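Form predicted on its own, single chain, as C-alpha coordinates, below.
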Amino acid sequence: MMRPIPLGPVAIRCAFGVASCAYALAGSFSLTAYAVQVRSVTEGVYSSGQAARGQQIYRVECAECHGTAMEGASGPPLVGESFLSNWSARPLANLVDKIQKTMPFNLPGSLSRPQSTDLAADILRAGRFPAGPVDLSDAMLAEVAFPAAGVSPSPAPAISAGTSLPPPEGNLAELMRAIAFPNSNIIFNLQLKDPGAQPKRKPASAPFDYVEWGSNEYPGWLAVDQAAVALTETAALLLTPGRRCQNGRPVPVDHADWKGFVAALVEAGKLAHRASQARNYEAFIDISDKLNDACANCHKVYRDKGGTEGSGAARCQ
(Lines give C-alpha, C1' and ligand atoms only; values in the text may rest on other atoms or scores of the structure.)
Protein backbone atom coordinates (compact mmCIF):
# COMPACT_ATOMS: atom_id res chain seq x y z
CA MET A 1 0.00 0.00 0.00
CA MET A 2 1.41 3.42 -0.90
CA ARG A 3 1.88 5.63 2.16
CA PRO A 4 0.34 9.12 1.84
CA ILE A 5 2.55 12.17 2.24
CA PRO A 6 1.02 14.76 4.62
CA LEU A 7 0.15 18.06 2.93
CA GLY A 8 0.05 21.44 4.58
CA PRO A 9 -2.94 23.81 4.22
CA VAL A 10 -1.36 25.74 1.34
CA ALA A 11 -0.51 22.57 -0.55
CA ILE A 12 -4.02 21.25 -0.01
CA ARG A 13 -5.54 24.48 -1.36
CA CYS A 14 -3.25 24.36 -4.38
CA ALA A 15 -4.00 20.72 -5.01
CA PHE A 16 -7.73 21.43 -4.75
CA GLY A 17 -7.41 24.31 -7.18
CA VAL A 18 -5.48 22.22 -9.68
CA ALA A 19 -7.98 19.39 -9.37
CA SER A 20 -10.90 21.80 -9.88
CA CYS A 21 -9.24 23.29 -12.92
CA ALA A 22 -8.48 19.83 -14.31
CA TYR A 23 -12.06 18.79 -13.71
CA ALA A 24 -13.36 21.84 -15.56
CA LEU A 25 -11.00 21.24 -18.45
CA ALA A 26 -11.91 17.56 -18.59
CA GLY A 27 -15.57 18.50 -18.70
CA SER A 28 -14.91 21.01 -21.44
CA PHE A 29 -13.00 18.45 -23.54
CA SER A 30 -15.71 15.87 -22.91
CA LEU A 31 -18.42 18.24 -24.15
CA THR A 32 -16.31 19.14 -27.15
CA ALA A 33 -15.76 15.48 -28.01
CA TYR A 34 -19.45 14.80 -27.65
CA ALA A 35 -20.30 17.76 -29.89
CA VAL A 36 -18.21 16.48 -32.81
CA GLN A 37 -19.65 12.95 -32.68
CA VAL A 38 -22.52 13.94 -34.91
CA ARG A 39 -22.34 11.24 -37.57
CA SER A 40 -23.65 7.71 -37.22
CA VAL A 41 -22.25 4.56 -38.80
CA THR A 42 -25.63 4.36 -40.53
CA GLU A 43 -24.66 7.30 -42.78
CA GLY A 44 -22.29 5.56 -45.22
CA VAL A 45 -18.99 6.36 -43.55
CA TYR A 46 -16.87 3.73 -45.38
CA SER A 47 -16.53 2.59 -48.98
CA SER A 48 -17.21 -0.82 -50.50
CA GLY A 49 -13.62 -1.03 -51.70
CA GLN A 50 -12.33 -0.38 -48.20
CA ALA A 51 -14.58 -3.09 -46.76
CA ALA A 52 -13.26 -5.50 -49.41
CA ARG A 53 -9.69 -4.77 -48.30
CA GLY A 54 -10.74 -5.32 -44.70
CA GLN A 55 -12.40 -8.61 -45.63
CA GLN A 56 -9.13 -9.95 -47.00
CA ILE A 57 -7.35 -9.02 -43.76
CA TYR A 58 -10.16 -10.53 -41.70
CA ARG A 59 -9.93 -13.91 -43.43
CA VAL A 60 -6.23 -14.16 -42.58
CA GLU A 61 -6.07 -12.53 -39.15
CA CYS A 62 -9.50 -12.80 -37.53
CA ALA A 63 -11.74 -15.53 -38.93
CA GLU A 64 -10.21 -18.35 -36.90
CA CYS A 65 -11.28 -16.73 -33.61
CA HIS A 66 -14.37 -14.72 -34.62
CA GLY A 67 -15.85 -17.04 -37.25
CA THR A 68 -16.01 -16.83 -41.02
CA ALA A 69 -19.20 -14.72 -40.83
CA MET A 70 -18.17 -12.84 -37.65
CA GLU A 71 -20.68 -14.99 -35.77
CA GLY A 72 -18.18 -15.69 -32.97
CA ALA A 73 -16.06 -18.74 -32.24
CA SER A 74 -13.39 -18.69 -29.56
CA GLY A 75 -13.67 -14.90 -29.75
CA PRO A 76 -16.95 -12.96 -29.40
CA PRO A 77 -19.22 -12.16 -32.35
CA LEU A 78 -18.60 -8.95 -34.27
CA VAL A 79 -22.16 -8.64 -35.51
CA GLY A 80 -25.56 -8.86 -33.91
CA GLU A 81 -27.30 -7.62 -30.79
CA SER A 82 -24.58 -8.39 -28.25
CA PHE A 83 -21.92 -6.63 -30.34
CA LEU A 84 -24.08 -3.55 -30.91
CA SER A 85 -25.04 -3.45 -27.25
CA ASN A 86 -21.40 -3.52 -26.24
CA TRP A 87 -20.52 -0.67 -28.63
CA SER A 88 -23.74 1.32 -28.10
CA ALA A 89 -23.16 5.06 -28.80
CA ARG A 90 -19.38 4.63 -28.62
CA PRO A 91 -17.05 6.32 -31.13
CA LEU A 92 -15.85 4.19 -34.00
CA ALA A 93 -12.33 5.31 -33.03
CA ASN A 94 -12.63 3.11 -29.93
CA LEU A 95 -13.21 0.02 -32.06
CA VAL A 96 -10.25 0.80 -34.31
CA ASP A 97 -8.07 1.41 -31.25
CA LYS A 98 -9.06 -1.96 -29.81
CA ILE A 99 -8.31 -3.74 -33.08
CA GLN A 100 -4.93 -2.06 -33.48
CA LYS A 101 -3.76 -2.45 -29.87
CA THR A 102 -5.16 -5.83 -28.83
CA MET A 103 -5.75 -7.93 -31.97
CA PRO A 104 -5.07 -10.57 -33.14
CA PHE A 105 -5.29 -12.18 -29.71
CA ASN A 106 -2.01 -14.07 -30.07
CA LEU A 107 -0.14 -11.19 -31.72
CA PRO A 108 -1.55 -7.86 -30.46
CA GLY A 109 -0.27 -4.67 -32.02
CA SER A 110 0.77 -6.34 -35.28
CA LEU A 111 -1.88 -4.60 -37.40
CA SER A 112 -1.28 -1.11 -38.75
CA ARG A 113 -3.70 1.77 -38.28
CA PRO A 114 -4.90 1.62 -41.93
CA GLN A 115 -5.40 -2.16 -41.65
CA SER A 116 -7.36 -1.72 -38.43
CA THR A 117 -9.53 0.94 -40.05
CA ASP A 118 -10.18 -1.31 -43.06
CA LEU A 119 -11.19 -4.10 -40.66
CA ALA A 120 -13.63 -1.73 -38.97
CA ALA A 121 -15.13 -1.01 -42.39
CA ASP A 122 -15.56 -4.74 -42.98
CA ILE A 123 -17.27 -5.10 -39.59
CA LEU A 124 -19.69 -2.33 -40.57
CA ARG A 125 -20.35 -4.11 -43.88
CA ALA A 126 -21.04 -7.38 -42.07
CA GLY A 127 -23.40 -5.51 -39.73
CA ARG A 128 -25.30 -4.26 -42.79
CA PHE A 129 -24.48 -0.62 -42.27
CA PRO A 130 -24.52 1.06 -45.70
CA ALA A 131 -21.36 1.96 -47.62
CA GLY A 132 -20.69 5.45 -48.92
CA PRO A 133 -18.57 7.03 -51.65
CA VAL A 134 -15.30 7.52 -49.71
CA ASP A 135 -13.03 5.51 -47.45
CA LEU A 136 -13.27 5.83 -43.71
CA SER A 137 -10.23 7.90 -42.71
CA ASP A 138 -8.39 8.19 -39.43
CA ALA A 139 -9.48 11.83 -39.17
CA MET A 140 -13.15 10.82 -39.41
CA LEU A 141 -13.08 8.18 -36.67
CA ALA A 142 -13.67 10.44 -33.68
CA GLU A 143 -16.64 12.06 -35.46
CA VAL A 144 -18.47 8.78 -36.09
CA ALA A 145 -20.31 6.71 -33.49
CA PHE A 146 -22.36 3.55 -33.27
CA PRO A 147 -26.09 4.02 -32.76
CA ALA A 148 -27.43 3.73 -29.25
CA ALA A 149 -28.67 0.22 -28.54
CA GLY A 150 -32.43 -0.08 -28.29
CA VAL A 151 -32.40 -2.46 -25.33
CA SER A 152 -31.13 -1.27 -21.96
CA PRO A 153 -29.04 -3.75 -20.01
CA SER A 154 -30.91 -5.42 -17.18
CA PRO A 155 -29.77 -4.44 -13.69
CA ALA A 156 -27.89 -7.11 -11.79
CA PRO A 157 -30.26 -8.92 -9.44
CA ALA A 158 -29.60 -8.96 -5.72
CA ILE A 159 -27.04 -11.48 -4.53
CA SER A 160 -28.20 -11.16 -0.92
CA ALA A 161 -30.53 -8.86 0.98
CA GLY A 162 -29.63 -5.26 0.26
CA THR A 163 -26.64 -6.23 -1.89
CA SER A 164 -26.23 -6.21 -5.66
CA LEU A 165 -23.34 -6.27 -8.08
CA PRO A 166 -22.78 -3.86 -10.97
CA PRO A 167 -22.78 -5.22 -14.52
CA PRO A 168 -19.59 -7.19 -15.24
CA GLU A 169 -16.62 -5.39 -16.74
CA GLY A 170 -14.60 -8.32 -18.06
CA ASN A 171 -15.46 -11.58 -19.76
CA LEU A 172 -15.02 -14.90 -17.97
CA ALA A 173 -11.55 -15.54 -19.35
CA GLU A 174 -10.36 -12.11 -18.19
CA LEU A 175 -11.84 -12.66 -14.74
CA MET A 176 -10.19 -16.06 -14.38
CA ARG A 177 -6.80 -14.73 -15.51
CA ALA A 178 -7.08 -11.74 -13.19
CA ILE A 179 -8.11 -13.55 -9.99
CA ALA A 180 -8.51 -17.32 -10.08
CA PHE A 181 -5.39 -18.22 -12.06
CA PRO A 182 -2.70 -16.29 -10.14
CA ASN A 183 -4.22 -16.94 -6.71
CA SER A 184 -4.74 -20.66 -7.32
CA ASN A 185 -1.09 -20.89 -8.29
CA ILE A 186 -0.09 -19.36 -4.94
CA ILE A 187 -2.02 -22.19 -3.22
CA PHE A 188 -0.61 -24.87 -5.55
CA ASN A 189 2.90 -23.57 -4.96
CA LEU A 190 2.68 -24.67 -1.33
CA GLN A 191 3.23 -28.21 -2.59
CA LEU A 192 6.74 -27.06 -3.48
CA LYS A 193 7.66 -24.30 -1.02
CA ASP A 194 6.96 -23.68 2.65
CA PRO A 195 5.79 -20.03 2.90
CA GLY A 196 7.20 -19.84 6.43
CA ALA A 197 10.68 -20.59 5.12
CA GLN A 198 10.76 -17.95 2.40
CA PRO A 199 13.71 -15.53 2.39
CA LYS A 200 13.28 -12.01 3.67
CA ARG A 201 11.98 -9.34 1.36
CA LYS A 202 14.43 -7.98 -1.13
CA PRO A 203 15.00 -4.22 -1.17
CA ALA A 204 13.46 -2.45 -4.13
CA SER A 205 15.82 -2.16 -7.05
CA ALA A 206 16.62 1.00 -8.95
CA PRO A 207 14.93 2.24 -11.00
CA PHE A 208 11.88 1.62 -8.82
CA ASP A 209 9.51 -1.06 -10.10
CA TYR A 210 5.98 -1.14 -8.64
CA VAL A 211 5.33 -4.74 -9.70
CA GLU A 212 8.57 -5.97 -8.14
CA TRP A 213 7.89 -3.94 -4.98
CA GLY A 214 4.30 -5.17 -4.73
CA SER A 215 5.24 -8.82 -5.13
CA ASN A 216 7.59 -8.53 -2.15
CA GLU A 217 5.40 -6.37 0.08
CA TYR A 218 3.26 -9.24 1.43
CA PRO A 219 5.49 -12.33 1.34
CA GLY A 220 5.16 -15.84 2.72
CA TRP A 221 1.97 -16.64 4.61
CA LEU A 222 0.54 -13.18 3.98
CA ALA A 223 0.39 -13.96 0.26
CA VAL A 224 -1.38 -17.25 1.02
CA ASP A 225 -3.90 -15.47 3.28
CA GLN A 226 -4.75 -13.06 0.48
CA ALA A 227 -4.91 -15.74 -2.21
CA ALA A 228 -7.40 -17.75 -0.14
CA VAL A 229 -9.60 -14.69 0.40
CA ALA A 230 -9.45 -13.80 -3.29
CA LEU A 231 -10.58 -17.28 -4.37
CA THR A 232 -13.43 -17.31 -1.85
CA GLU A 233 -14.66 -13.82 -2.75
CA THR A 234 -14.57 -14.64 -6.47
CA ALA A 235 -17.76 -16.68 -6.11
CA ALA A 236 -20.12 -13.73 -6.50
CA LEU A 237 -18.21 -12.58 -9.58
CA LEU A 238 -18.49 -16.03 -11.16
CA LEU A 239 -22.25 -15.91 -10.56
CA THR A 240 -22.80 -12.34 -11.81
CA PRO A 241 -25.59 -12.29 -14.41
CA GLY A 242 -24.67 -10.74 -17.73
CA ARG A 243 -21.04 -11.90 -17.84
CA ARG A 244 -20.01 -13.54 -21.08
CA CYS A 245 -17.41 -16.09 -22.00
CA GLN A 246 -14.54 -15.15 -24.28
CA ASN A 247 -16.47 -16.54 -27.25
CA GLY A 248 -19.43 -14.25 -26.51
CA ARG A 249 -21.76 -16.86 -25.03
CA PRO A 250 -23.39 -16.08 -21.66
CA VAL A 251 -21.73 -17.61 -18.61
CA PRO A 252 -24.15 -20.38 -17.49
CA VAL A 253 -24.76 -18.85 -14.06
CA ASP A 254 -28.22 -20.45 -13.79
CA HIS A 255 -26.96 -24.01 -14.37
CA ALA A 256 -27.03 -26.22 -11.28
CA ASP A 257 -23.65 -27.78 -12.07
CA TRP A 258 -22.05 -24.33 -12.56
CA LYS A 259 -23.31 -23.27 -9.14
CA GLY A 260 -21.92 -26.51 -7.72
CA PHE A 261 -18.49 -25.89 -9.25
CA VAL A 262 -18.44 -22.37 -7.81
CA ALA A 263 -19.46 -23.73 -4.39
CA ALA A 264 -16.57 -26.22 -4.52
CA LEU A 265 -14.16 -23.36 -5.26
CA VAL A 266 -15.53 -21.39 -2.31
CA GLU A 267 -15.15 -24.40 -0.02
CA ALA A 268 -11.51 -24.85 -1.07
CA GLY A 269 -10.87 -21.12 -0.58
CA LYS A 270 -12.34 -21.15 2.93
CA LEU A 271 -10.35 -24.23 3.91
CA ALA A 272 -7.22 -22.57 2.58
CA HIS A 273 -7.94 -19.40 4.53
CA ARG A 274 -8.42 -21.24 7.83
CA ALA A 275 -5.29 -23.33 7.32
CA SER A 276 -3.29 -20.30 6.29
CA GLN A 277 -4.35 -18.31 9.33
CA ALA A 278 -3.29 -21.29 11.48
CA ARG A 279 -0.02 -21.48 9.51
CA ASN A 280 -0.76 -25.16 8.97
CA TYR A 281 1.54 -26.00 6.10
CA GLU A 282 0.77 -29.74 6.10
CA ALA A 283 -2.96 -29.11 5.55
CA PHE A 284 -2.29 -27.72 2.09
CA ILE A 285 -1.58 -31.13 0.59
CA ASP A 286 -5.28 -31.99 0.86
CA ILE A 287 -6.40 -28.41 0.18
CA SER A 288 -4.42 -28.29 -3.07
CA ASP A 289 -6.15 -31.50 -4.14
CA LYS A 290 -9.58 -30.04 -3.37
CA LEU A 291 -8.77 -26.86 -5.25
CA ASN A 292 -7.42 -28.80 -8.21
CA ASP A 293 -10.58 -30.94 -8.30
CA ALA A 294 -12.81 -27.85 -8.12
CA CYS A 295 -11.00 -26.28 -11.08
CA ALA A 296 -10.60 -29.46 -13.15
CA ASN A 297 -14.22 -30.56 -12.79
CA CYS A 298 -15.49 -27.21 -14.04
CA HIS A 299 -12.92 -27.01 -16.83
CA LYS A 300 -13.87 -30.47 -18.06
CA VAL A 301 -17.47 -29.39 -18.62
CA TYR A 302 -17.22 -25.72 -19.58
CA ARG A 303 -13.67 -24.87 -20.68
CA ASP A 304 -11.99 -27.83 -22.37
CA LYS A 305 -14.62 -28.35 -25.08
CA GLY A 306 -12.87 -26.82 -28.05
CA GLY A 307 -9.28 -27.37 -27.03
CA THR A 308 -6.49 -25.09 -26.01
CA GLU A 309 -6.46 -21.33 -25.56
CA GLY A 310 -7.92 -19.52 -28.53
CA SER A 311 -9.94 -22.48 -29.87
CA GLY A 312 -12.81 -22.64 -27.39
CA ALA A 313 -15.71 -22.16 -29.79
CA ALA A 314 -17.77 -24.73 -27.87
CA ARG A 315 -17.06 -23.34 -24.41
CA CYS A 316 -19.75 -22.28 -21.94
CA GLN A 317 -22.41 -24.52 -23.47
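Numbering starts at 1 and follows the sequence shown. Since the model is a prediction, treat every value here as computed from it, not as a measurement.
The discussion below concerns the form predicted in complex with ligand HEC, not included here.
- Looking at ligand HEC in the predicted complex, residues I99, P104 and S184 each place a heavy atom within 4.5 Å of it.
- At a distance threshold of 4.5 angstroms between non-hydrogen atoms, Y281 is out of contact with ligand HEC in the predicted complex.
- Under a 4.5 angstroms non-hydrogen atom cutoff, ligand HEC in the predicted complex has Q246 among its neighbouring residues.
- For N86, a non-hydrogen atom is located within 4.5 Å of ligand HEC in the predicted complex, even though that partner is not displayed.
- The shortest heavy atom separation between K193 and ligand HEC in the predicted complex exceeds 4.5 Å.
- Of the residues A126, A180, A223, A131, just one reaches ligand HEC in the predicted complex with a heavy atom at 4.5 Å or closer; this is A180.
- Contact residues in stretch 245 to 282 (any heavy atom within 4.5 Å of ligand HEC, taken in the predicted complex) are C245, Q246, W258, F261, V262, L265.
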